[in-house]
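Coming up is one lone chain in structure tokens, specifically the form predicted alone.
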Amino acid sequence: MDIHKIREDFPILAREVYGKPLVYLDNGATTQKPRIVIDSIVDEYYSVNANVHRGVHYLSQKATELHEGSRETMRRFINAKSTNEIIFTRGTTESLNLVVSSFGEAFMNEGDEVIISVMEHHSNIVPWQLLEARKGIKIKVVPMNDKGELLLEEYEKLFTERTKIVSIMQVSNVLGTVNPIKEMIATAHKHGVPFMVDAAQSIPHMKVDVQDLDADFLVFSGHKVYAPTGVGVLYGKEEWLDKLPPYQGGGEMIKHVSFEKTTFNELPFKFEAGTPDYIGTTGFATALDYVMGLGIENIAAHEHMLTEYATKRLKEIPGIRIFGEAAHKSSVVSFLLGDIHHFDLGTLLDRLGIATRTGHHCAQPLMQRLGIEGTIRASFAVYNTKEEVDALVDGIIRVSKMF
């Protein structure tokens, strides 16, 4: 890939911050958007903006075609069997909450158990805690070693006859660890337990095939894979989605309403109450087409090179501590420098035009396991370069001299 040509697709990368060229290394939080995605949003508002489904007029029909065509793009991107298995949501967080709420309502009672991991994002912890408070379920946690790798022997020991579901991230947003999800799913299925995959941090960086994984549910967001904010996907095996009760009530998710009884719509609409972000789904599909055009394997190879290069360069800095050195990592390096607070270092790097993420990264239980309050996180995307890694290293060395 010609990375410098790719960078030209992203207008924001040409800007300056505080008089310095922007070095954007906060892709784990959100990626920048290529011009083709931005243009697709503008074009749809200009030419075919109308509410989707049920409309008999031309604009509504065209908007519906785009929206449902986007669903097919999602299906193809993750190799789902049917578009019935693709539910549009506002993002990973809503997708997780949907499954926790609906699955918990239908299949979990007091004393039943869910297995999550020590490295989960708050979005895959708090909804289960809400269910725990509401229904008295029990949360079990898979531990990890000091490299940031989940302990699979301990994982299997957590299963009991009360285990109802497992919900674990494929890639850690802090450590970059690529968890052996396919193996973990097979273990869960051996115990007759369904598995939900948080793929928010894996979808942008590697090939994700839900049929190959045999995932029962899988969730991800658009804004982390070059698409607009506020739109995401819940994948669920059709046999599971058929069993789950609706998450929200309103328009589109109904077949017939009377004051005596409501019957629900067929999949996927049963879980899509109200007007969807049909402009956002078009932008989402455009972004995934862009990724498929570049080739996810090519993106993965480039980002792997950057991660290894960044790790090597950062280790040259005296006093650096890198968190997460699993054998299989993806596109994230989290670190601290000596006794410098992560917020102070991140703030001063920003004055040099270098955007990183500081704090606990919505993973406070993981921070407790590591014995720290937070880290600085550099996270990479297809448009990042070795020169930007060098700028980060030079910036850290310059800031360290101030302390």
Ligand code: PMP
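Residue positions are given as counts along the sequence shown, with the first one as 1. This one's a predicted model, so the numbers in the text were calculated from it and none came from an experiment.
The form predicted in complex with this ligand exists for this protein as well; it is not shown, and the discussion that follows is about that form.
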*Among 90 to 98, 268 to 276, 129 to 137, 207 to 215, which stretch sits within 4.5 Å of this ligand in the predicted bound form, heavy atoms only?*
90 to 98
_Output flag, Arg321, Ser334 and Thr375 jointly within 4.5 Å of this ligand in the predicted bound form, heavy atom basis_ = no
*Would you mind picking the one in Ser221, Thr281, Ser117, Asn179 that has a heavy atom within 4.5 Å of this ligand in the predicted bound form?*
Ser221
*With this ligand left out of view, choose which of Met74, Ala200, Met108, Ala287 has a non-hydrogen atom within 4.5 angstroms of it in the predicted bound form.*
Ala200
*Just to confirm, Thr311 within 4.5 Å of this ligand in the predicted bound form by heavy atoms?*
no
_Contact with this ligand in the predicted bound form for Ser167, defined as at least one heavy atom pair within 4.5 Å: yes or no?_
no
*Would you check, heavy atoms only and a 4.5 Å threshold, whether Ser330 touches this ligand in the predicted bound form?*
no
*So, in the predicted bound form, is Thr163 in contact with this ligand at a 4.5 angstroms heavy atom limit?*
no
*Note that this ligand is not shown here; using its position in the predicted bound form, name the residues of 159 to 179 with a heavy atom within 4.5 Å of it, in sequence order.*
Met169, Val171, Asn173
